[in-house]
Ligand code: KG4
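One chain comes next, on its own, written as structure tokens: the form predicted on its own.
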Amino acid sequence: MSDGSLILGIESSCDETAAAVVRDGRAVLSNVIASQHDLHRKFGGVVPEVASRAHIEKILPVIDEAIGGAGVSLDDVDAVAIGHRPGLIGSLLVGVAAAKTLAWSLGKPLIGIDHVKAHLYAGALDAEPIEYPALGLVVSGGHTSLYRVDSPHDMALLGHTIDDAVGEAYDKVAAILDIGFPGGPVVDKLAQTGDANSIRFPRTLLDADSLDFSYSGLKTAVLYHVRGKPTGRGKGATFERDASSLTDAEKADVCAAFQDAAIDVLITKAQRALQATGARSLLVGGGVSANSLLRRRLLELGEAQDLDVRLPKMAYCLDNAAMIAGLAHHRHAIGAQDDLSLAAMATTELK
């Protein structure tokens, strides 16, 4: 047995099959992720049925690799943690079934973890403990939200997207420009060679004190810039041109200008929330937390306001099981656990 709690985490909420072993909520002993990006690239987005089948194929090999990589045995594990919400229901069911089976067969506690909460804990992995209260910013393909975070399990929703999430907007812009999937890394890379000042895209800030987000207008502005105004509506709409009319340099300029606008909104909303809450720590999580401009702007904000900005290490930005296991340590420490009725849930219960 190891010293301290040893948690096996499992994550299958979307298109990454992941397992990890974490000691005492912070020391990551293994972190294995099987990505499905190649499977979904030809569709330009995640296909739920394809994702579910891939999870079935990968879940046991990934768990075996995580246990072996940590240098422990299943008997050494103190609890089995599973990200059971939110996400694609078929994908979640695969991970939940695997976690329940392991917990039951080993006689270990089962701990259900909210995937969104786990993203806000990612900055504590392989790092010093977080000082609470804090402001939490989740930026991913499905979520763009702000939270007041008083402890790892005590969060209050301050604002969220009313339409597209920021990561979803990145994917849609990449599709408009026909530059590949997933959109976040591709747009970020091209943006670094473009001129952000060449185009002025809108920054939707809503009301003066609003902490909600909206990226639908920005996405539409990019669409009209690239393809012109449509004739007709819905599936029958036709455009003046397509992305093939742009040079590589012009595509890079669109990426840079779009990214500048998207990140401006995130920074502005974070500043508003910091003023409203007085938080001295800023926790950031989700796939878009890997974005180079966002990371730089957040660190600048932290320096200007004397904030402890917790950006997750790159390995913990995307969906991963280390954040699931790390957060589960805090539930395990107080004796909290779930029974075999734990359900997979497509939506979060955070309010």
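Note that the structure is a prediction, hence the values are computed from the model and not measured. Start at 1 with the first residue shown and count on from there.
Another form exists, predicted in complex with the ligand; not displayed. Remarks below refer to it.
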| property | result |
| --- | --- |
| Option touching the ligand, based on a heavy atom within 4.5 Å in the predicted complex, out of Gly112, Pro152, Gly194, Gly167 | Gly167 |
| Residue among Asp163, Asp126, Asp188, Asp260 with a heavy atom within 4.5 Å of the ligand in the predicted complex | Asp188 |
| Answer range among 299 to 307, 280 to 288, 23 to 31, 48 to 56 for contact with the ligand, defined in the predicted complex as heavy atoms within 4.5 Å | 280 to 288 |
| Residue contact check: Gly142 to the ligand in the predicted complex, 4.5 Å heavy atom | yes |
| Interface membership of Ala70, the ligand in the predicted complex, 4.5 Å heavy atom rule | no |
| 4.5 Å heavy atom contact, His84 and the ligand in the predicted complex | no |
| Touches the ligand in the predicted complex: Asp171 (any heavy atom, 4.5 Å) | yes |
| Stretch 177 to 205: residues contacting the ligand in the predicted complex, 4.5 Å heavy atom cut-off | Pro182, Gly183, Gly184, Pro185, Asp188 |
